[in-house]
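Presented below, as structure tokens, is a lone chain in the form predicted alone.
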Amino acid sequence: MMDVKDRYIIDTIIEKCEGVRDPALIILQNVQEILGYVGKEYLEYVSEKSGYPLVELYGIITFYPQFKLNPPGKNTIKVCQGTACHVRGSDRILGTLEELLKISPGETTENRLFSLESVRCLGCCGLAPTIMINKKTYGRVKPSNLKNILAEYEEVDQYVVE
């Protein structure tokens, strides 16, 4: 259930977009930037307040990969899939993270501690393969390093690779 603060934020965003031609994308981008994601309840409220059909808003957020439908985790892990990282084993890094966290890219752990993303490039090709957690970059990552890296963010005894 959306709280009063979230409704106020969305109302303010919609008001600021009055007079802008076809502002749906701008409204949704602002909702995500301020509230962290564009969940079902936010979409329904934006539709109700702006007059945009819900199906049109849903089409926008599912077309653009920048949008998150679920609340993000406290820590966002981005796994580089650029050419240099791919050649140096980023698929193994991603696979190991999926096993450790028991989630796939685009998902968040049950405890909402981590979100996992697969990205095209982090711009650190000389350090391939790389991951980024929040704003910290880790280079020359090996699957065997991942438990220690995750431990920086929480005790990881609960994550077991089978």
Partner chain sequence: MLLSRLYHLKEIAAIGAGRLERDKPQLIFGLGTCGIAAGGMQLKEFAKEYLAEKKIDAEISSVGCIGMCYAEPLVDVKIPGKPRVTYGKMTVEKLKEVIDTHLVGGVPLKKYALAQLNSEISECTSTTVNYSESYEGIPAYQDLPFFAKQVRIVLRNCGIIDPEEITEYIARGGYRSAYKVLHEMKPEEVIEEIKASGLRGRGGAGFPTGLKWDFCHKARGDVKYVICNADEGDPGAYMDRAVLEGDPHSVIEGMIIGAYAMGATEGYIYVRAEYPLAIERLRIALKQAEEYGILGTRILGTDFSFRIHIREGAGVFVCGEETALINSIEGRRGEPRPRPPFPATSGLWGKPTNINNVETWANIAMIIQRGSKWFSSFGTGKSLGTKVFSLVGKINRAGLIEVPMGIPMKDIVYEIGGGVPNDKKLKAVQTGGPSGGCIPAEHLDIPVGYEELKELGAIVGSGGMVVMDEDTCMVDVARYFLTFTSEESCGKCTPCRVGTKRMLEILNRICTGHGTIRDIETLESLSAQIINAALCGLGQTAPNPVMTTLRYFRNEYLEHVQDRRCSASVCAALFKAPCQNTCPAGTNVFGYIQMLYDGRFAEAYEINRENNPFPAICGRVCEHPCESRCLRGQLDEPIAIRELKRYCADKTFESGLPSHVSRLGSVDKKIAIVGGGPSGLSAAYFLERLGYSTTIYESSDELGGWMRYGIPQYRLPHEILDREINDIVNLGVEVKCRTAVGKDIRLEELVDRYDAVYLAVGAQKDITLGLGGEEGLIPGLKLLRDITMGKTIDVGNNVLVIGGGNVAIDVARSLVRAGVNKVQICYRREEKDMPAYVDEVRQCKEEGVEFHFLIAPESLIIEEGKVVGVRFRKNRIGAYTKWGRRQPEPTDDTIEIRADSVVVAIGQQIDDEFAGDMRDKLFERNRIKVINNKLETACDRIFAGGDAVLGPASVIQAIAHGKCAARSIDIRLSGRDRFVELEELNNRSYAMASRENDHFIPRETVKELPPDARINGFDEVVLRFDDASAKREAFRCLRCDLSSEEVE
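As the structure is a computational prediction, the values presented were derived from the model and not from experiment. Numbering follows the first chain given and starts at 1.
In what follows, reference is made to the form predicted together with the partner chain, a form of this protein that is not presented.
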*Only one of C125, I103, L35, I133 has a non-hydrogen atom within 4.5 angstroms of the partner chain in the model of the complex; which is it?*
C125
_the partner chain in the model of the complex: contacted by all of L54, K74 and Y153, heavy atom 4.5 Å_ = no
*Would A24 show up as a contact with the partner chain in the model of the complex if we use heavy atoms at 4.5 Å?*
yes
_Contact test in the model of the complex: K16 vs the partner chain, heavy atoms, 4.5 Å_ = no
*Within a 4.5 Å heavy atom cut-off, is Q29 in contact with the partner chain in the model of the complex?*
yes
*Wondering, does S144 line up within 4.5 Å of the partner chain in the model of the complex on heavy atoms?*
yes
*Judged by heavy atom distances of 4.5 Å or less, which residues of 69-86 approach the partner chain in the model of the complex?*
Q81, G82, T83, A84, H86
*Which is it in the model of the complex for the CA atoms of V55 and E110, closer or farther than here, knowing they shift by 3 Å or more?*
farther
*Closer or farther in the model of the complex, the Cα atoms of K135 and L28, when the shift from this form is 3 Å or more*: closer
